[in-house]
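The data below hold one chain only, encoded as structure tokens and taken in the form predicted alone.
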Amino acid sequence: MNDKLLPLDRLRVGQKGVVMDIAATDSEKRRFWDLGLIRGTTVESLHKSPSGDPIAYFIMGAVIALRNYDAEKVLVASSM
């Protein structure tokens, strides 16, 4: 893993990242936590829609689609 943090929506399909921070309001953070996006959780980018928004992610055994507007608030350390 490298030390560079990037927004979740910047992961390439098939790339994994580890959640490091969430740059959002408290109510938005609560929603992300409820989806399993907790610091230290591994997330994999699975599929992009034809328009590129939303993107499907594999999080803690579930596939979840997030709009880029939301995914850009989740900062991950990417693994190549």
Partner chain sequence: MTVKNIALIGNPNVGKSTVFNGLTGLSQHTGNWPGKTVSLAFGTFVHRGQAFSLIDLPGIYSLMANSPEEAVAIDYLRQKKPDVVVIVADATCLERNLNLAIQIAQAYCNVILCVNLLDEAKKKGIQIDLDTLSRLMDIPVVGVVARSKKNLDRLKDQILCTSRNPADPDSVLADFTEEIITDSVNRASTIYRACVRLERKDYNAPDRTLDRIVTSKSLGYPIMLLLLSLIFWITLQGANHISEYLHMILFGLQDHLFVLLTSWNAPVMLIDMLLFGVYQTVAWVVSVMLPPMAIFFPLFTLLEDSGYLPRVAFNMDRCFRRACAHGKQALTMCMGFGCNACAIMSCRIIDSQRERLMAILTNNFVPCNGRFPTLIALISMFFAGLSAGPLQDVIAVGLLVAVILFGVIITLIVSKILSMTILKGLPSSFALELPPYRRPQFVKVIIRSLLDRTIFVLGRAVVVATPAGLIIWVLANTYTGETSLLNIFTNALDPFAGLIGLDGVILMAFILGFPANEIVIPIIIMTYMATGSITELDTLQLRTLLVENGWTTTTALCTLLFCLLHFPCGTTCLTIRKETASWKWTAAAFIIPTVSGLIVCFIVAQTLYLLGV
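Residue numbers count along the first chain shown, from 1. Note that this is a predicted model, so its numbers are computed, not measured.
Keep in mind the form predicted together with its partner chain is missing from the figure; the text below concerns it.
J.: With the partner left out here, check for me: in the predicted complex, does some heavy atom of A62 sit within 4.5 Å of its partner chain?
T.: Yes, A62 is a contact residue.
J.: With a cut-off of 4.5 Å between heavy atoms, is R67 one of the residues that contacts its partner chain in the predicted complex?
T.: R67 belongs to the contact set for its partner chain.
J.: Is V18 close enough to its partner chain in the predicted complex to count, meaning some heavy atom within 4.5 Å?
T.: Contact check for V18: no, nothing within 4.5 Å of its partner chain in the predicted complex.
J.: Could you list the residues in 31 to 62 that come within 4.5 Å of its partner chain in the predicted complex, counting only heavy atoms and keeping sequence order?
T.: R31, W33, D34, L35, G36, I38, R39, L46, H47, K48, S49, P50, S51, D53, P54, I55, A56, F58, I59, M60, G61, A62, in sequence order.
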